[in-house]
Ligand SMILES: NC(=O)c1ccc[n+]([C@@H]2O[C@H](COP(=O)([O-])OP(=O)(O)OC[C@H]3O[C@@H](n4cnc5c(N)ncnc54)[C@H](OP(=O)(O)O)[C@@H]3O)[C@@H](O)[C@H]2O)c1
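In structure tokens, one chain follows: the form predicted alone.
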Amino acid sequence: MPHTGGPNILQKRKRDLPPAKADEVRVRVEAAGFSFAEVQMLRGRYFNQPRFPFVPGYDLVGTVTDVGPGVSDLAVGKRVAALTETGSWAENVVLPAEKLVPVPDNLDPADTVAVVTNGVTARQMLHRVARVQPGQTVLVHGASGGVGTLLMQLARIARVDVIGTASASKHDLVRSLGATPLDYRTDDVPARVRELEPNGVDAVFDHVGGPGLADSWRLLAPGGTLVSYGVASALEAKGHRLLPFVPLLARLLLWKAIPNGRQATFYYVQRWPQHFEDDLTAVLALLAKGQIDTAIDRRVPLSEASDALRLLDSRRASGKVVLVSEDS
């Protein structure tokens, strides 16, 4: 990604990759994920992106091809996953061994990468932040997206009811995952939620931010939790990319300080790095047992990354878009 622009600005480049050094591992990438973060990066709007030019790619699954000195718990041929934030849209990468999580050999790489960032995000927001309990009800904004589809499934496993916002064309997907769909384009979402849950919901997962965040807060039941995990509404904003976070974080801090039993917090997937391996391992176990589905929209070869990014940018994708190696 050399500079800001549309999906067509992506460039393919070749580079010489050195052998793995001490405590490093070289990995042949089999699958890498697309996320809304890359759409934001295209516009220079992602809060944690590096300076241009850089290789995008938030997560990957691949096979170890070289192990540097000091690495004793990974061997050549082992399949691994990693959350990279950038750099995974490549044929081969070198990463610190501590970033890699072993993956069961019987899992499909594309299915696996679909739950690396999204699955850990969904699991941690549900169980580490909101601490949902059986019989509760939660509201998921963007229910048809990569995180949203996993939030609905993990909530169902936890015996939690879900109300999910999505465009009308994606309501069948939302219903198939056990949630009640609402159309954020045509429905009065706060009014409809109140019809379904007069006392409010026990948690709201909001990736949009902006003015609608206040509605999310007001829809909480006593003791409920608002989890904000993005500012998708600021995609076309001007000025420094961190500016939209100033009012968002100020609101969350204010609401958190109000002594009414409700909680408000901002979540970022690197919030608990010490729990990443445990949470990913738990999600992969559910995937291996067939208890969750990855809801992959499509698999795209690395050479067609621009087309896949264009699909995500258009909001036409339902679920996860995954890059796969050319020989997959």
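In case it trips you up, residue 1 is the first one in the sequence shown, and so on. Everything quoted here is computed from the prediction, not taken from an experiment.
There is another form of the same protein, the form predicted in complex with the ligand; it is not shown, and what comes next is about it.
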I need the one stretch from 205 to 213, 253 to 261, 191 to 199, 94 to 102 whose residues put non-hydrogen atoms within 4.5 angstroms of the ligand in the predicted bound form. 205 to 213
Is A166 close to the ligand in the predicted bound form, meaning a heavy atom pair under 4.5 Å apart or at it? yes
Within a 4.5 Å heavy atom cut-off, is S233 in contact with the ligand in the predicted bound form? yes
Touches the ligand in the predicted bound form: S88 (any heavy atom, 4.5 Å): no
Could you confirm whether Y184 comes within 4.5 Å of the ligand in the predicted bound form, counting heavy atoms only? yes
Using a 4.5 Å heavy atom cut-off, are M1, F54 and L302 all in contact with the ligand in the predicted bound form? no
Which listed residue (V269, L280, A295, V29) meets the criterion of a heavy atom within 4.5 Å of the ligand in the predicted bound form? V269
Just to confirm, with a 4.5 Å cut-off on non-hydrogen atoms, which of V162, L126, L220, V147 contacts the ligand in the predicted bound form? V147
For a quick check, can you give me the residues of 23 to 55 that have a heavy atom within 4.5 Å of the ligand in the predicted bound form? S35, F36, Q40
